[in-house]
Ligand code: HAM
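Single chain ahead, by itself, as C-alpha cells, in the form predicted on its own.
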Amino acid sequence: MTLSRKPLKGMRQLYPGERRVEDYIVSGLTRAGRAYGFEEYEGPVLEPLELFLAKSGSELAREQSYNFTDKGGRELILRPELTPSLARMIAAGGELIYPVRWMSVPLCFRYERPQRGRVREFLQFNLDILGAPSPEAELEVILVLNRLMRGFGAVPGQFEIRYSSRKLASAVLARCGLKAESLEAAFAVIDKRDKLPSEKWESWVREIVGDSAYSEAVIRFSRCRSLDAPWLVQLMAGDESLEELREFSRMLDTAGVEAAVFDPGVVRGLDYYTGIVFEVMDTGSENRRALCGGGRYDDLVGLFGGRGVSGVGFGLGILTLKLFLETYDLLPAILSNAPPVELFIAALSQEQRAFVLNLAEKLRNDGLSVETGLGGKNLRSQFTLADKRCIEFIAVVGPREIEEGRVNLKRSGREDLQVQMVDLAEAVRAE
C-alpha cells in the first residue's frame, strides 16, 4: 500500500520557508502587544462542548467545529476560538490584577470548507483586556491593531479598521419596530452584507426579516456611513447608544487612527458581543476580506459564577494576514532564502572533521549558529551545500589552519578575510 503524500484537507503543513514567514508575522504581532503591556498565555486545545454552546452559539459549536464524544462519554470540542476559554480562566484566576492584558497565539480548528484564507486548522492571534469597562479599553485594543498593521508597512487605503456597536444596532432596529426575538436573525444577515452581491444580499434580508418596513430598516441602517447622518440622528434622538459611539469616534480621531471608519455592517457573528465591535478589512480588490474581528463582551465571564468582568478583544488569523502582506508585497524578500545559520565550517579533508566538530561546538557555546558538512564530502560539495542554503559566511579548515590557529573566512560577494579562530564569532557578528 502506498501512503498519501498529502495532509488531511485543511490541515497545517509548513515547510521551513513557510514557517519562517509565519514566525516573522507572529513576532510582529506579539511585539505590538508587548508595546502596550500585554502578556502571553495559553489555554487547552480540547474543551467541553458546553463551554462553546453557551456563548459562541450552536452553529459554530456543533456545525462548524470538530466535536465528538470521548471514551469517558464526555462531549468535547477542538477549540474553534479562544475567548470562552479565556473567560473561564479569568473566572478561575483568583486575585488577578485588573485590568488584565493578555495575548496568545493559539492553534484553532473549524470544520468548514477550505478556501483561500480559510482552512480547518489555523493559527490565530488573540489579544484581550478584561476588567476595564471604559471605552478606553476598545481604543487601546484598536491602537494595537493600528500599530501592528503599520508595523508591517501597511498604510491607510490598503486597510480599514471598521467599527460599530451591537448596542446601537439593537436600539436602532428596536426603534424601527423589530422585536427582540428577531434581532439575532437581523444581525446574522447584516454580518453577511459584504460577503454577497448587493442585490442578492438585499433579497436575502427581505426573505429572513420578512416585514417590508423592517427589512428596509435593516438595509438602510446597514448602508449608513456616518454617525451624523440625518436619518440616524433623527431616529435615535435621546438614545445614549448613539452618543456613546459618537464619543468613541472622537476618541479615535484624537488618537490619530486614520484607518478607523464607522460601518454599521460590522456586527460580528458571535453571540457574546455586547457593545462596540470592529474588524480590520483589506480594502484591495484581490483579497477583499476581514483580517480580524473583535469587540466588547461584558457577560461572558459571569457565566462561571462570581463577579462579572467586562472584556474587549479580537482574534486575527495569521493566514489571512499573510495573504494581505503578500498582496501588497510587504514581506521582506530575505524570508524566502534566509540562511539557517550564520556560519558554515568546511573541512578540507576527513582528517580535520574532529577538529571542525570541536570548533563548531565552541562557537555555538559562544552564541553563534554553525553548520558543518556531513558524510565526508569534498570541499566543492561543501561549498555547493552552503551556497544552496544561502549561508553567507564559510570558514575553511585544513592542516595549515589548525597549525596557525586562523582560518580563511569567505564572505558572499566580498573579499575573503584571514581571521584568528578565537576571534571567529566576533568577526562574523561584526559583518
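Just count from 1 along the sequence shown to find any residue number. This one's a predicted model, so the numbers in the text were calculated from it and none came from an experiment.
In what follows, reference is made to the form predicted in complex with histidyl-adenosine monophosphate, a form of this protein that is not presented.
- Remark: K167 does not count among the residues lining histidyl-adenosine monophosphate in the predicted bound form, judged by a heavy atom distance of 4.5 Å or less.
- In the predicted bound form, none of the heavy atoms of R175 sits within 4.5 Å of a heavy atom of histidyl-adenosine monophosphate.
- Taking the partner from the other structure, histidyl-adenosine monophosphate in the predicted bound form has no heavy atom within 4.5 Å of any heavy atom of R206.
- Using a 4.5 angstroms limit between non-hydrogen atoms, E112 touches histidyl-adenosine monophosphate in the predicted bound form.
- Residues of just one listed stretch (292-300, 91-99, 253-261, 326-334) have heavy atoms within 4.5 Å of histidyl-adenosine monophosphate in the predicted bound form: 292-300.
- For the options L316, A137, I161, L78, the residue carrying a heavy atom within 4.5 angstroms of histidyl-adenosine monophosphate in the predicted bound form is L316.
- Out of the listed residues S104, S222, T83, T274, T83 is the one that sits within 4.5 Å of histidyl-adenosine monophosphate in the predicted bound form by at least one heavy atom.
- Residues G117, R118, V119, F122, Q124, N126, D128 are the ones in 114-129 with at least one heavy atom within 4.5 Å of histidyl-adenosine monophosphate in the predicted bound form, listed in sequence order.
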